[in-house]
Ligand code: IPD
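As a starting point, one isolated chain is supplied in structure tokens, in the form predicted alone.
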Amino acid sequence: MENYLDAAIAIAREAGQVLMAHRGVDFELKGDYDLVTAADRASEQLIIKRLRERFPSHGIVAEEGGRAEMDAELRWYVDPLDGTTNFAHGFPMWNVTLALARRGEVIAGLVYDPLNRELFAAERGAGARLNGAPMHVSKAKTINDSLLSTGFPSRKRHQNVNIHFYYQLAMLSHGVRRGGSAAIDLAYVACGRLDAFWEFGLNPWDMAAGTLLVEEAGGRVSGMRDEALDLHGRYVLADNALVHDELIELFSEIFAGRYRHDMPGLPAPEWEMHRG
């Protein structure tokens, strides 16, 4: 296990250097909405090359097109640049994330943030660490005391079902952040900067490493209906464990179309409110 994680850390750090060298490059559209940069491709090519050199029998599932040995017992999930849109615009929230699964169970993973020089890493059953020091989830006991995070798709955000969850949680908590990088959000739950994260429509490489970080830091991870997490499923909930049951109860209400706070129309502009 140590060999796997040490190798992943070395590869992620090297990929981080590649990304740092590509800052400011132009981007293009992948499909109608999603961005992709030369940095994504260069980082992925390096990671896949290094993994194949070290672990030729392992499978690799990577965002920008790598799909190798899908039936392998040991399989890597790779996002060479999580937060591509942020990266392309110079917004400082992006990372490299790698995770290793054995027969579908994630056993090692990391999230590396080169800008802030932060390495979040975990092994199954061995705890989670931030730059080598043990990290733990927060101690917030209620939604009312929590700071949360979520994400939205690149297209038709206003039609996404998550707007209902976002609004209810924003009204009940200290706030809901939308940073644009699921792996960083999950890492922040693991180290206690956030109390919970949820999102619809993520890919396995977006959340494989981050969900292990949360579990090994003392948190809970599940589907949004409290079912066992499916890396290929429709959604994910990760939290500090203390607010988990309350979140699941709230989510069940929203799924059923029951809202604690009505969603009124937009407020009038400030100048209209003060007219007359």
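Residue numbers run from 1 along the displayed sequence. Because the structure is predicted, anything quoted here is derived from the model rather than measured.
We do not show the form predicted in complex with the named molecule, though everything after this point is about it.
With the named molecule omitted here, the record of contacts in the predicted bound form names 195-203 of 133-141, 114-122, 195-203, 169-177, defined by a heavy atom within 4.5 Å. Among heavy atoms of L110, none comes within 4.5 Å of the named molecule in the predicted bound form. Contact check for E63: a heavy atom falls within 4.5 Å of the named molecule in the predicted bound form. At a distance threshold of 4.5 angstroms between non-hydrogen atoms, L100 is out of contact with the named molecule in the predicted bound form. The named molecule in the predicted bound form is approached by A182, whose closest heavy atom lies within 4.5 angstroms of it.
Taken together, L81, T84 and F152 are fully in contact with the named molecule in the predicted bound form: each brings a heavy atom within 4.5 Å.
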